[in-house]
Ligand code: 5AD
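Okay, so here's just one chain, in structure tokens, the form predicted on its own.
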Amino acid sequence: MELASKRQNEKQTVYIKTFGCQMNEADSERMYALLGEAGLEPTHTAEQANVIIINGCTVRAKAIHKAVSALGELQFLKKYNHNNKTPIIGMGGCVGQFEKQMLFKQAPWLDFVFGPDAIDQLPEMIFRVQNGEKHVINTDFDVLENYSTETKLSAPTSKAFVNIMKGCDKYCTYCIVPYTRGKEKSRTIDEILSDVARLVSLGIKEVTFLGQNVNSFGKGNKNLKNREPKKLHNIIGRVGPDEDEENFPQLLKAIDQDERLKNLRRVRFTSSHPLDFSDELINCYASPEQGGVSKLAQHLHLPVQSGSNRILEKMGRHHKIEAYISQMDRLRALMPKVGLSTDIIVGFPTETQTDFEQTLQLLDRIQYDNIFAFAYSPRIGTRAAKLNDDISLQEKNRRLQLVLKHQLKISEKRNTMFIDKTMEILVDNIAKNQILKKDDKNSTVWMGRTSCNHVVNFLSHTSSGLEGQFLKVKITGSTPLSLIGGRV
């Protein structure tokens, strides 16, 4: 569908503001690609755009406020017809899915609202607005049992997000995602392999598999090719898909075995749930000689949320800290170099000082390389929202700052362990901070990531063309948040 231009020969442009997780980033990339096929070119500012889309996140109240606030800031573009353009404005993502018609009441100038399952109908929705329809809305869930899609890229790149499943069946008491993303559905392994093979042919060297809980990938898909492993286990008990269904370790092993993917260098994945983190998935981190997956990045992000079993029970997480620690110990025994990160929520209803200190003790015990920590905020529609939010905002913020400072010391210590070591990085782009240049005006600071997901900043006299290259760097220094290196 070619979208209309108000003036002949005028280029139509689109600007997307993205909030939230990597799922939302992947969704925005898909939007850009779909609208590019419909004749809209990306622009870097809302003021220059014919179509403006806010891709909002509902994981925390602050994220919703950011998205709605960004929407409010766009009102003047409608009112004052900036640059002779009256843009079409839409709200998508989990905010669009969850808030629905309420958004039109908050912002009457909003033209359309849509949910994650309606992204592929985006050109049609814009077309309807261009033809005079008011307050277009599409927040229907995909009712098909099977989930099929194709990864779309809006521009040449070396890395890609690949959705392998959508939805979540866990229903943690604090989380709104099952209500905004629906039930779990997985693509088939064969479809994913063909999708990744196409991406590799376009120059992709690293893919990140995405899903709300990739560890439970494969439910409902019959294991028609008799792939191994057929049954998953962990310390908690039987997990994941049934024995006759596909599962996530099968997918990772199939990636390693597919001849079409020999030029693919790295596979990452997010996000995960400890309940479905199987022994068989841990085995994928072993060396290839021990039956591991050679392309699997040496990194795991496994959200734990709290170090207190009492709070975990109130969160509906259904796992114990002792089991989580056992999983991490087994993983590190197989791959000592693995980089670990997690999510932490502080200030959950009834969290005592003792509960909070147990979270700090967990950080000391696991020795994460990095954490993502947040103060609890109730989400309307979740079970936790019915609990008495008995911890003050001031106390939540105090605990948040304490947990961040505590982890910063751990990260700083762990990063010094890499000094004098040579590591391979995939170069992302030129670093935003050029402070390493100092007096060397002819050099440029570049940024890349190691397999274990550490950010490395390094100097080079090359000012272009390093994006997407794998380089060896020797680590010469560190900060609590990154490593400093030089090309070998």
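On a predicted model such as this, the values are computed, not experimentally measured, just so you know. Note that residue numbering begins at 1 and tracks the sequence as displayed.
The same protein also exists as the form predicted together with the ligand; that form is not shown, yet it is the one meant from here on.
When contacts are judged by a 4.5 Å heavy atom cut-off, R60 counts as touching the ligand in the predicted bound form. At a distance threshold of 4.5 angstroms between non-hydrogen atoms, L312 is out of contact with the ligand in the predicted bound form. By the criterion of a heavy atom within 4.5 Å, D258 is excluded from the residues contacting the ligand in the predicted bound form. At a distance threshold of 4.5 angstroms between non-hydrogen atoms, I282 is out of contact with the ligand in the predicted bound form. This chain is displayed without the ligand, yet in the predicted bound form the stretch 300-308 from 68-76, 411-419, 108-116, 300-308 comes within 4.5 Å of it by heavy atoms. Proximity to the ligand in the predicted bound form, taken as a non-hydrogen atom within 4.5 angstroms, holds for one residue of D142, D242, E191, D343, which is D343.
Taking a 4.5 Å heavy atom cutoff to the ligand in the predicted bound form, the contact residue among Y376, F98, F269, F356 is Y376.
Along 160-175, these residues reach a heavy atom to within 4.5 Å of the ligand in the predicted bound form: Y174, C175.
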